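Heads up, the chain below is alone and in the form predicted on its own; it's given as structure tokens.
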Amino acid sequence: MAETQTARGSITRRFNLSILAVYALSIAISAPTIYLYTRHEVYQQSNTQLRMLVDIVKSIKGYVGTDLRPYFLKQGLFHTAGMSGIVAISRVAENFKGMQQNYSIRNVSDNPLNAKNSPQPLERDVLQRFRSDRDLREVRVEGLLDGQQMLVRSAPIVSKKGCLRCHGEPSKVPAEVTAEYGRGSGYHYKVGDVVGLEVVGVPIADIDSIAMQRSLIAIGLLTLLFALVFVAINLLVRRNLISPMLQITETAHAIAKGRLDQPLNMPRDDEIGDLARSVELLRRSFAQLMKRMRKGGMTKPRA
């Protein structure tokens, strides 16, 4: 019986170890796959939002350049938001920020008329990149903007002749500009200089934490599924394989020890049933043989 228990324990242990190996392999494959896929998915969503904001900024600049500015010039009027796409975007950005605090639309310069448009550290670094490489048209980076982690798209603001109307020599700009912003900053631009950045940012904070959270949820669900499957399969294997094999083994041991009064009745139409019927046939054959021997039905061979 001890040998039977050892054999049963060995089979059960090997089977359980096989299930655990499959589980470990599933976790090893699924966890990083889910993590990387989720991170890519969240990043792509941020990129889609970024493109939408960039298109909004371009639309505002186009509207100012093709509709508002020509009208004001024709009428001999001056209105900063109607003459400058950058100012118009800044005004829209302020309103937008009040409704969507996690997003950022900015026009920045290290020589701004409005101090609010001074660059943050990330923007200063990008501004220097554009000044170092004049062929660079766009930069996309991840970093801190407005105190949160963002995916940021930046494009250079290059001073043009029309910019000098408000950013040239202070003595030559409209009085409305100096009255609103003073004469200390935002002037002396030169045509062709990279004077600032158009910046659009969308939040990507917690991309890693979102990916990790989804991975942990998936691992938890996978663990629960494997636990249920593990228990179910163990019960099925014990009922349909281990227990019948134990019964057959015990009968075989009994036959070997001469105990032939334990019939093996296992009505199964499969390989285990065939084995059980073979052992039962063997038991009956030995039982009949022993019965004939006891009745003297067999003679001892002559010397």
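The first residue of the shown sequence is 1; numbering continues from there. Being a predicted model, the structure only gives us computed values, none of them experimental.
Keep in mind that the form predicted together with heme C is not shown, yet the notes after this line are about it.
Out of the listed residues A211, V139, M83, I204, M83 is the one that sits within 4.5 Å of heme C in the predicted complex by at least one heavy atom. Residue F78 is the only one of F96, Y71, F78, F230 with a heavy atom lying within 4.5 Å of heme C in the predicted complex. The closest heavy atom approach of G182 to heme C in the predicted complex falls outside 4.5 Å.
Although the partner is absent here, N111 sits close enough that one of its heavy atoms falls within 4.5 Å of heme C in the predicted complex. Taking the partner from the other structure, heme C in the predicted complex has a heavy atom within 4.5 Å of a heavy atom of G162. Taking the partner from elsewhere, V191 is found to have every heavy atom lying beyond 4.5 Å of heme C in the predicted complex. Remark: of stretches 165-173, 144-152, 131-139, 213-221, the one touching heme C in the predicted complex is 165-173 (heavy atom within 4.5 Å).
The three residues V87, S90 and N107 all sit with a heavy atom within 4.5 Å of heme C in the predicted complex.
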